[in-house]
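A single chain comes next, written as structure tokens; it is the form predicted on its own.
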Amino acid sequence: MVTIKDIANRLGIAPSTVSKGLNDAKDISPELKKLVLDTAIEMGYVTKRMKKETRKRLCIFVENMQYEMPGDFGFDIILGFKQAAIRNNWDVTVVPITPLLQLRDPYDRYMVKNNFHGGFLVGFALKDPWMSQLQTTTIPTVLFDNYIRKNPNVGYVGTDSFEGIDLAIDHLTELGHSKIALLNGSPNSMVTVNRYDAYISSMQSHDLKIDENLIAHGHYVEDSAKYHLPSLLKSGATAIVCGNDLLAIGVIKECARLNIKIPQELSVVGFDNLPIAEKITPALTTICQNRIDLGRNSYAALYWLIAKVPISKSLLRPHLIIRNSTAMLYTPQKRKKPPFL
């Protein structure tokens, strides 16, 4: 069980200072109070005062996403949500969900039965049973990277894919690339659709030819890259924008296996900025979306939906992190032919 001393050791401050931060004492700065409380939540510590004052319940439903360990994509999203919600005395429950549970328990009934005031849905697919039910739900609900039209009780939170993909293609065109491929995730996902549309829009705005042979859909996992990389290279790709970092890391690993040098022979850009992105060799150029802020923004949207403010979409701005996986385009005569062609 986490203690005040554990929190003090993590932060390198006195246990008495941690106690003051947790109990809203007046003689420490607001910044230090925030740091103490955020760290306590991250470590799983809840004060007696928090437990006593908690009367309201929110639920985070997670499907098709890793979230339990630091470094998992969903970990920081859930942490950011909790950090924001617990400050307002909300009790937050995290429930891993499956299509079977959704078929067994309709969304509204599940929420009412378990006394939840609002829900945050992460990792859901477009064809999930609850997605159609959300078209008419009266329960305040926020979706991560999914959108329900014409229901004022349901909001969308995500990162601006159009701006993110455009940043990537800006960067690659400045390096001289024009044969830019897209390796995306499953079409059964709204974020996949958004990033495809963003790619098409950005290529058009840069006056670049759209070649369907340079577009591939797989799954948002490393292993998917090896099935699509050969055809993208055969179609002449000199750079690949990936729908997430895991796909980009899969490309880097497959290129290493095939003795294709990155970035000399192929530039690669990811999307997410997972911790592994800066650890892989070469370090991955990627579009960063701040997942702690995504979690906090999701709580903020849910808060306003509960207050009857009809939030529609709330998008965070991404930014480009340039590392070692992108470089100036080599001339064709210097570019080595892939070994499998």
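Small disclaimer: the values here were computed from a predicted structure and weren't measured. All residue numbers refer to positions in the sequence shown, first residue = 1.
Just so you know, the form predicted in complex with another copy of the chain exists too; it's not on screen, but the next bit is about it.
Within 4.5 Å of another copy of the chain in the predicted complex, a heavy atom is found for not a single one of Lys179, Tyr199 and Ile321. Exactly one listed residue, out of Ala125, Ile148, Leu175, Val95, brings a non-hydrogen atom to within 4.5 Å of another copy of the chain in the predicted complex: Ile148. The contact residue chosen from Ile276, Leu32, Met65, Ala300 relative to another copy of the chain in the predicted complex is Ala300, the criterion being a non-hydrogen atom within 4.5 angstroms.
Residues of just one listed stretch (22-30, 57-65, 35-43, 302-310) have heavy atoms within 4.5 Å of another copy of the chain in the predicted complex: 302-310.
Although the partner is absent here, Val154 sits close enough that one of its heavy atoms falls within 4.5 Å of another copy of the chain in the predicted complex. Not displayed here, another copy of the chain is kept clear of Phe73 by more than 4.5 Å at the level of heavy atoms in the predicted complex.
The shortest heavy atom separation between Leu316 and another copy of the chain in the predicted complex is within 4.5 Å. A residue is said to contact a partner when one of its heavy atoms sits within 4.5 Å of a partner heavy atom; Asp245 fails this definition for another copy of the chain in the predicted complex, lying far away. Residues Val154, Asp160, Phe162, Glu163, Asp166, Leu167, Asp170 are the ones in 154-170 with at least one heavy atom within 4.5 Å of another copy of the chain in the predicted complex, listed in sequence order.
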